[in-house]
Ligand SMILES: Cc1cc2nc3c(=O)[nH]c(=O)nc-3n(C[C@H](O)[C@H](O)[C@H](O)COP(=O)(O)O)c2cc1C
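First, one chain by itself: the form predicted on its own, in structure tokens.
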Amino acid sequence: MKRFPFALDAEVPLYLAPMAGVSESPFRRLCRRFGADVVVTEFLSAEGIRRENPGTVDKLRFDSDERPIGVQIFGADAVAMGEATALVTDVFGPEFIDINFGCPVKKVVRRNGGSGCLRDLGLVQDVIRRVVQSTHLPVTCKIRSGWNDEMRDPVAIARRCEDAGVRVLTLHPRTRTQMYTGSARWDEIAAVVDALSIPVLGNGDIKTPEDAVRMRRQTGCAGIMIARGSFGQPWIFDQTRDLLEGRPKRPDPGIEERFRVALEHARMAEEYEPDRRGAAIEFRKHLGWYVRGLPGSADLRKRLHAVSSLGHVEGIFEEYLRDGHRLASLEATAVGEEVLEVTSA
């Protein structure tokens, strides 16, 4: 059995993926409470860390209830990556350091960071070795299957990462040029699992608990990293654990419970950010995800995307619930009157 380099209770750990502007401390804490075994910070610039940029360093904050947690860093300068690693290790002390070789975003790739590094596997190894030398913590990494279809070779990339000292590897089986289009090739995860002696996490196209279980069965991955599937439904982790352990999947929360979780998340975000109005505006995307699929969700999202305070959110939710109960009552009355008419006739 391939062992993880830090203590975990679960045989198949479920990770919350590092996502810029999403996997901030409030959401990480919420996902941990809903069954995520491991969380990772949003990816942070090595240059910003080593220069102690206030905005970057602020995003390194985490609470004890988020552990085990990894800090994910990106950059193409091995020296800068090493210095950032040393600072994170000494000052913040997470369970592991994760290197981002997967981000496809232009502003990151433009500086050869993220998946941009995959064009030069020698650079990938130099960065990993420098990071490993700069910390006593386990070093992990997240990769894509290659820069483009011509350079697509996830097994070769993964082997280079393992040889350089990576202890856990995550594969998102798309190329950088694909961005998020097309389907993730889970067969490539299976190939990397077979090729490496370290644990491999599968990532990509997990929208439901059933997707996560299917990935595990098809690939044999040691753990599962969930990204967009957690948007507006942090309970996906508990539901996935139910299915992995052979239990019936617990049901999705009802509307009132969903709103309660959204408001709790909003309060945590408001406490975390010093600018309350800014926190409310930034939180609008989460609100849109929480109400996705509800009756009248288009109009509800439109209203929520205009909020500038938590109080506005509470009012909108209360009104929605009040109207919903009123409509349900009217429908029940109408059905009862129809039954009465039929019986009388």
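Remember, it's a predicted structure, so these values are computed and weren't measured experimentally. Residue indices: 1-based, along the sequence shown.
Although it is not shown, the form predicted in complex with the ligand is what the next lines describe.
- Stretch-level contact check against the ligand in the predicted complex with heavy atoms at 4.5 Å: of 226 to 234, 125 to 133, 78 to 86, 265 to 273, the positive one is 226 to 234.
- Scanning Ile206, Leu118, Val192, Leu169 against the ligand in the predicted complex with a 4.5 Å heavy atom cut-off leaves one residue, Ile206.
- Checked against the ligand in the predicted complex, the residues Glu42, Glu66, Glu47, Asp37 give one hit for a heavy atom within 4.5 Å, which is Glu42.
- In the predicted complex, the ligand sits within 4.5 Å of a heavy atom of Ala17.
- At the 4.5 Å threshold, heavy atoms of Phe92 stay clear of the ligand in the predicted complex, well away from it.
- Of the heavy atoms in Val12, none are within 4.5 Å of the ligand in the predicted complex.
- The shortest heavy atom separation between Asn100 and the ligand in the predicted complex is within 4.5 Å.
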